[in-house]
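First comes one chain, alone, set out as structure tokens in the form predicted on its own.
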């Protein structure tokens, strides 16, 4: 076993969704040449690593999450040679590189599936196959997350295969030890190449309940209780850890739908240690992305700050001293956070406030491409302008106008429009024809304009990340929330010894008052970060009542 240094606890990561980040060869598709071109920009954000969404060869049924070859880089992104060059250049800048590991399912065009459907050994049982029931019904009542029911008939094999996501994403049979050996080969291949770890896509889905029984009906999610956190999940994750991951000083991050802090500890806490470390290092939980919906972005509810705060605080308290948090407010699977939890009217102010709300919690923060620029949701005029397979299969029975309104709010495609680099043609993303639509607000919102503005959101992110990394209290301090029941304010403190960091965030368009906590009253406080001019330090004899402007945030330091 290799000594684990837990380097990820010191870091901040930047997520790249490759096809929309930067086109470096003019063909309209984001690629690794564009990433290489922008490595200095990424480093300037004071981050320590990059998480890449899938770069592998793929037919593109789910924008790269339907993989046809796990041990190669797609030609459209520059191939393996470009990847190795990018890896070297990233490492030369002190940037770690994390790959997406997608092993719950493959593409139906993967060689394994093509041989499995023809019953060619040893691939016959690489996937979850079932015959039709005698009455002609599907093998069970499970739903697919993306396309109808979770079973698709195959005319070659004359059986149904399970697909928890798109029809072209058949589920692997992880109960087959040969499949697990394939996963270990994939892990070892990339780690030997120099990759620093993996974000593991819906990894908690890989163990299905024996017999694949019917599940209690849930709108759109029937079956999730039968395959999420399944009977062998810890056994399989420990096998990957023991046989491969423990031999490298690497990091693993698991996407984990429907996980609570208590359940997370069975994966990442001390109880998960079975001799070679926890199953995984960190978990991506969805609770912080459900403050305006019921589990799914496509089941909208009014935004609730109380719900968001409960998610934040429950994970801070639940993992304290036992495991490590992963922090985020946006990624490729969700629409833009300013359009959700902030305000497009107060885009810069609310963008800075949202950054402060999560960046000073305990854990490892992730910033999604364009988040640092304040990119917002995309509002196309027609449904046929959308690309995402999940979006296009939502609420199909609703009138088009109603569907379009929902998609404007909920579609993942809002996070997948090209990054807005300049106010020039195609937002500076490409010299060719973009593979996807550019958000029309790129003239106003772009990196070039923000580079020269010291008060821009981009430069705020740089300051906030640098500040976070300079304060030991952020990594090691305790956490306490104030104004728990407020629907307007999120305020919390981090305390380490004599040092106290107070983070105050207004989620309201109205002026809002906040009274300093008792421990801060009558004491001098240094204002470290703000999003409005005119605010300053707190004098020892100053007022205890602060009046906050719309979406105002302040970070104060007391003592230390």
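Remember, it's a predicted structure, so these values are computed and weren't measured experimentally. Numbering follows the first chain given and starts at 1.
Note that the form predicted in complex with a small molecule isn't included here; everything after this is about it.
*Asks:* Just checking whether residue 199 would be counted as a contact of the small molecule in the predicted complex - the rule being heavy atoms within 4.5 angstroms.
*Replies:* Within the cut-off, so yes.
*Asks:* Please run the contact check for residue 414 against the small molecule in the predicted complex: heavy atoms, 4.5 angstroms, yes or no?
*Replies:* It does not: once the small molecule is placed as it appears in the predicted complex, residue 414 has no heavy atom within 4.5 Å of it.
*Asks:* Looking at the partner-bound form in the predicted complex, is residue 96 within 4.5 Å of the small molecule by any heavy atom?
*Replies:* Residue-level check for residue 96: no, no contact with the small molecule.
*Asks:* In the predicted complex, is there a heavy atom of the small molecule that lies within 4.5 Å of any heavy atom of residue 102, even though the partner is absent here?
*Replies:* Taking the distances in the predicted complex, the answer for residue 102 is yes, it comes within 4.5 Å of the small molecule.
*Asks:* Go through 146, 366, 461, 378 and name the one with a heavy atom inside 4.5 Å of the small molecule in the predicted complex.
*Replies:* Residue within 4.5 Å of the partner: 146.
*Asks:* Of these, 108, 255, 372, 297, which has a heavy atom no more than 4.5 Å from the small molecule in the predicted complex?
*Replies:* After the contact test, the surviving option is 255.
*Asks:* Considering the small molecule in the predicted complex, find the one stretch among 423-431, 200-208, 179-187, 347-355 with heavy atoms no farther than 4.5 Å from it.
*Replies:* After filtering at 4.5 Å, what remains is 200-208.
*Asks:* Answer yes or no: in the predicted complex, does the small molecule come within 4.5 Å of a heavy atom in every one of 165, 169 and 332?
*Replies:* Checking in the predicted complex: 165, 169 and 332 are all within 4.5 Å of the small molecule.
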